[in-house]
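Consider the single chain below, provided in structure tokens and representing the form predicted alone.
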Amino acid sequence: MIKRSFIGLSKPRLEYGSLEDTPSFKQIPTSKEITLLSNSPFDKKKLLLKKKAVVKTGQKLLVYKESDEYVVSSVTGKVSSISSYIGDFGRSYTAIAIEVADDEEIDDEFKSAAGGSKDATLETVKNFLAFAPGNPPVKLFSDKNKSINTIVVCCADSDLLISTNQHVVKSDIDAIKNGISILKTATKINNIIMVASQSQMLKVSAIGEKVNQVNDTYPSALPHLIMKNILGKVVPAGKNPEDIGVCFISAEAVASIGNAFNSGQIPVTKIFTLVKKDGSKSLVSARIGTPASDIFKALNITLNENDRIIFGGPMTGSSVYSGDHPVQTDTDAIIVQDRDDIPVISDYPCTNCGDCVRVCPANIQVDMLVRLLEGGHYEEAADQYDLYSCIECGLCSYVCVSGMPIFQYIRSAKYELGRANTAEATNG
């Protein structure tokens, strides 16, 4: 729900939605072919996984030699291709396509390694559950450059329209409780903080951990604002919560860990919100790697030329340019916009109305920042107008009366500066 001031001088109020009842959701049939995306750039010479390899559901697949990067097969079948996949800002991934077999066979390597919940080890969690639904940040716990002392379990969903964590809290609270117990055992971290919306407080309190209520106004459920408003810690510009010892993990990811140890099987289905062209929403469950086009077909959604597909929420999601784009471990929403309803993006210059400055939760002088970003002056933007203080909530683009894609300018600038710094460190 969106509320605006009649006068127009105060900030617009964007409210997170809530699930009053546990809704049923659509189970998408298993596709004939799924695609798993590895974070490693494609390198044919170092491939360890081979084309035509037979894989089982829940099997850990090491992709490259001398690398611990892996994916988990969400189906039983045969690897049909391994190729390069280009994502946002030219990021390179390795795409593993698997042709699905008629009969499913469950891999038992994780079951043999896991043992019981009380025997959970960090090594087992890291080696098998990094590709679980919810995208558990398990590598952070063993990162020698980080010193994690606090785990924040987010039961509220961070973007608008999304209901994934809310659904998990309502339907699988025991798995969350078990997952927290496993995290404590494996990481030796006992400082667990739950963050929940007002409607979730009673349910989450039953877990027995400390619970803090997050405000129902967007973007209060984003990690940087939770750090400031609930934990009383300000994340330095250009840093993330894990840089100061705090690891954020979603309720879905915690439930995935709990269910994995309880069943002896790595979960392979992802729950997300599907927003149709008419604005109606439904919860959907699909195998990780399912192409968006198969989901649309199952839900009778017709795509026309110039319609837009967004993976993620309306404020922070990213457009994709093909119905072949697969559901990933962190896909919490897919939004389909009719071409006639897509907001106009303009190159009209900034009118200096100040709306972006008033709405910015990081108190950045966005109107001046965007002028430098338009001209590609990224270093000056970082040095003079706090580029790295941006928490990427997208509110600036939402309120911009000129229709400028401010959020995309900021993301692009951070990416380009990151590339330049990496190249400088490598060459230096």
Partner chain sequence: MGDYVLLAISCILVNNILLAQYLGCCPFMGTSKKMETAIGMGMAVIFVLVMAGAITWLIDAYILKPVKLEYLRTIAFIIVIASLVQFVEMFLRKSIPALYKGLGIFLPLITTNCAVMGVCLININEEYTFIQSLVTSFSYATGFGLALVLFAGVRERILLARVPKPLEDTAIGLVTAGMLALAFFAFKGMA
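Numbering follows the first chain given and starts at 1. Model, not experiment: these values are computed from the prediction.
Missing here is the form predicted in complex with its partner chain; even so, the following discussion is about that form.
Sole residue of Asp102, Glu123, Asp347, Asp278 within 4.5 Å of its partner chain in the predicted bound form, by heavy atom: That would be Asp347.
Heavy atom within 4.5 Å of its partner chain in the predicted bound form - the one residue of Leu62, Ala53, Met368, Leu47 that qualifies: Selected residue: Met368.
is_contact(Lys26, its partner chain) in the predicted bound form, heavy atom dist at most 4.5 Å: The answer is no: Lys26 has no heavy atom within 4.5 Å of its partner chain.
Touches its partner chain in the predicted bound form: Asn352 (any heavy atom, 4.5 Å): Contact check for Asn352: yes, within 4.5 Å of its partner chain in the predicted bound form.
Interface membership of Asp43, its partner chain in the predicted bound form, 4.5 Å heavy atom rule: Judged by the heavy-atom cut-off of 4.5 Å, Asp43 is well away from its partner chain in the predicted bound form.
Glu69 within 4.5 Å of its partner chain in the predicted bound form, heavy atoms: It does not: once its partner chain is placed as it appears in the predicted bound form, Glu69 has no heavy atom within 4.5 Å of it.
Residues of 368-398 having any heavy atom within 4.5 Å of its partner chain in the predicted bound form, listed in sequence order: Going through 368-398 in order - heavy atoms within 4.5 Å of its partner chain in the predicted bound form - the hits are Met368, Arg371, Leu372, Glu374, His377, Glu380.
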